[in-house]
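Presented as structure tokens, the chain that follows is alone, the form predicted alone.
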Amino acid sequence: MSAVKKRVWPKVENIFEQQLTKSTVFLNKDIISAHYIPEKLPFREKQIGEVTQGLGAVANNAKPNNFFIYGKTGTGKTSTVKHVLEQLDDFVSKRNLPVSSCYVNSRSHPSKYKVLLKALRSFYPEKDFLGYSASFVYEKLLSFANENAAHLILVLDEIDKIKDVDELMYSLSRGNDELTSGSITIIGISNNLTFKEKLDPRTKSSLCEREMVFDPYNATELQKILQERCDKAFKEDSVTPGAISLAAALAAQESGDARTAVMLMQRAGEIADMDETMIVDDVKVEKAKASVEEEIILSMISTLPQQQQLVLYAISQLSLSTHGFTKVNGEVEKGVMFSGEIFEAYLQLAKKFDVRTITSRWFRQYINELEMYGLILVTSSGKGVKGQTRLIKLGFDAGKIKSALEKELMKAF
């Protein structure tokens, strides 16, 4: 009886091994990532100088200035502060100066207690203070500064996301009065241009010792930023000048957001890899725009102030209803609503979430900003409508925006 031969299956190459052998337009993909902070920040030299000067007091063992920095998303606020702090950390380590800094993303730590806990963990990395009372954490932070004669610099990014920010700022300001040595300095960063106006006067005076506004980048500046990134991120001659010009122009039209421009180029490179064309041109950038637009919009929504999120939530809710605007000829245009009914829907949502309501003046301001961001379309009611009002329509998929806002609002309440 003959032996049964064992069938030998051909060895299949690991799918990740296959990825390594594929051609790519990228030289270093991380450099064209929105999270990458370059060594040099073009067109932010003035701002770097101002922050450096404000923090320079630590060289003479004195308390630096508090800063309040605001501007739209993608204007280089966080990158500038992180760049200066990296330089400061290098400077103080070489001279053995008692200076410690801590970066806090306030969206992830949206309360006084969470901010103080995050700071304390960075200064005592070997210890865990979770579960201790807020007063203990606060006193421990002060004792660290006192015992080490240390100047502590707390960077609170998206500071407007902190629910009890007035209480936090008051405590830290009072803490400086209690310290016999060392100090606590705050650098507040916000995408909300009007956030400062809502602060308690005491908070405003303590936080806003020095203020800076970061203006959006224009198309020429974005083109220069992209060119420098692309030279290092992509292989030589794989990116056409037209691709960079188009990505810069599209980002400038949206809001002057450098992150949008970078995302467009990264996605265009990924499309070139999938097509195996090895060239990133303006056609790839156009395709990239369609694929990243939703990601950009949802990212933008997460950075909006809480009250503005409620206004947009009211618009998305009404857009999903059987609601519409009846024209003079009797036709109904779905998804179109009056600003007055949006304000009423907003008031109901504010009551539901138990937050104070904004005035009609602030409501109009938020509507204008949402239109500027391209999230909504606004037109005058015109003839055939009693009175003069504005007609508003959501610029993107109402269901996706409503879902994204619900996630953000649930985090806050």
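Residue numbers here begin at 1 and follow the sequence given. Everything numeric in this text was worked out from a predicted model, so none of it was measured.
The same protein also exists as the form predicted in complex with a small molecule; that form is not shown, yet it is the one meant from here on.
By the criterion of a heavy atom within 4.5 Å, residue 191 is counted among the residues contacting the small molecule in the model of the complex.
In the model of the complex, the small molecule sits within 4.5 Å of a heavy atom of residue 41.
Contact check for residue 76: a non-hydrogen atom falls within 4.5 Å of the small molecule in the model of the complex. At a distance threshold of 4.5 angstroms between non-hydrogen atoms, residue 33 is in contact with the small molecule in the model of the complex. The listed set 259, 83, 112, 267 contains one residue whose heavy atoms approach the small molecule in the model of the complex to within 4.5 Å, identified as 259. A heavy atom within 4.5 Å of the small molecule in the model of the complex is found for one listed residue only; from 140, 118, 196, 229, this is 229. Residues 72, 217 and 225 are all found to lie within 4.5 Å of the small molecule in the model of the complex, as judged by heavy atom distances.
This chain is displayed without the small molecule, yet in the model of the complex the stretch 41-49 from 56-64, 341-349, 354-362, 41-49 comes within 4.5 Å of it by heavy atoms.
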